[in-house]
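A single chain, nothing else alongside it, follows as structure tokens in the form predicted alone.
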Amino acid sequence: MSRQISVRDALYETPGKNARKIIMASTVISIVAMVLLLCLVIKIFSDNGQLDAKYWSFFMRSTTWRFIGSGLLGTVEASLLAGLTAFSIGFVFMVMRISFYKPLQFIGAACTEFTRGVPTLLFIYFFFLYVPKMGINLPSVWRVALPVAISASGMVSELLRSGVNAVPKGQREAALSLGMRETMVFTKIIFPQALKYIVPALFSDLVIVVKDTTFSYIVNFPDLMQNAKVLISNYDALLSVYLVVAVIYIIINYLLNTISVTMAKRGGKR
């Protein structure tokens, strides 16, 4: 029985003996270089007094971690709201782009490209500076979640559209031949299958949403970054606080990527 050839096998040859030696040597050299660089960084911090106890001792207090935890809850809240809103807006853009009406296709494409092209920070400044002048007073969490969602909606729209296009067209034609309407074909057959293709990628895109919520310090929303600024002001410990916060963000993004990879494996996608 012949072995099934994967995409990796088709694109890359199995490394030979010499290639494996080169890879191993490169790996060892890279690890040694990283360890030396880390030691150098620690020495520089030590020489500048950044490793003194006064910059780290407050992490031994439970109140510090409760304060960091409350900021983490704020980050999770803003990220979930932004993620769900981005999915909703992206779904609307996607429906417009796959519509049979040319004006809707043009509007959907324009909205998608606009949201993908404008930086997230500009959307946040718009909701922070100009929306209140219109008489619209949004809660601080929505001043973060909504602009982040709008910024991510174009990317989500294209992701949804790629999932829809991945569903074999024969299924739509077969359903229409049975007398089903276009709306029913899309909601009952096409879109559920498209979600199976793209759900892992949606979790990966949630990483970008989480990182974009760090702009919430502009609107004074008490998320992880805003609470980190408060700790820095109170203890004058910029390095230690930002290092701990960075580790927390890395853990969050690692968990999201792990979920994405797990779902992709269960769905048979690489």
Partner chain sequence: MMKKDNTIISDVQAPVVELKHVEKYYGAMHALKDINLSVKKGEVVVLIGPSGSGKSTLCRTINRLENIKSGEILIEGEKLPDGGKELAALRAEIGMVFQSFNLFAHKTILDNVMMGPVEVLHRSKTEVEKEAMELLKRVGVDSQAHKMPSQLSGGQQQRAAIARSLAMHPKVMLFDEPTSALDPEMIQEVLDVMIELANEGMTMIVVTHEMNFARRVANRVVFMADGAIVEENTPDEFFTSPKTERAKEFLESIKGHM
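Since this is a predicted model, take the numbers as computed values, not measurements. Numbering follows the first chain given and starts at 1.
What follows is about the form predicted in complex with the partner chain, which we do not show.
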Task: 4.5 Å heavy atom contact with the partner chain in the model of the complex for all of Gln171, Met180 and Pro192 - done: yes
Task: Proximity of Lys102 to the partner chain in the model of the complex, heavy atoms at 4.5 Å - done: no
Open item on the list: Does any part of Leu72 reach within 4.5 Å of the partner chain in the model of the complex? Heavy atoms only, please.
Closed with: no
Task: Arg116 within 4.5 Å of the partner chain in the model of the complex, heavy atoms - done: no
Open item on the list: Taking the partner chain as it sits in the model of the complex, is Leu176 in contact with it (heavy atom to heavy atom, 4.5 Å or less)?
Closed with: yes
Open item on the list: Just to be sure I understand the contacts: of Leu121, Ala110, Met184, Leu129, which is the one whose heavy atoms reach within 4.5 angstroms of the partner chain in the model of the complex?
Closed with: Met184
- [ ] Pick the stretch from 77-85, 147-155, 102-110, 192-200 whose residues have a heavy atom within 4.5 Å of the partner chain in the model of the complex.
- [x] 192-200
Open item on the list: If you apply a 4.5 angstroms heavy atom cut-off, which residues in 135-166 are near the partner chain in the model of the complex?
Closed with: none
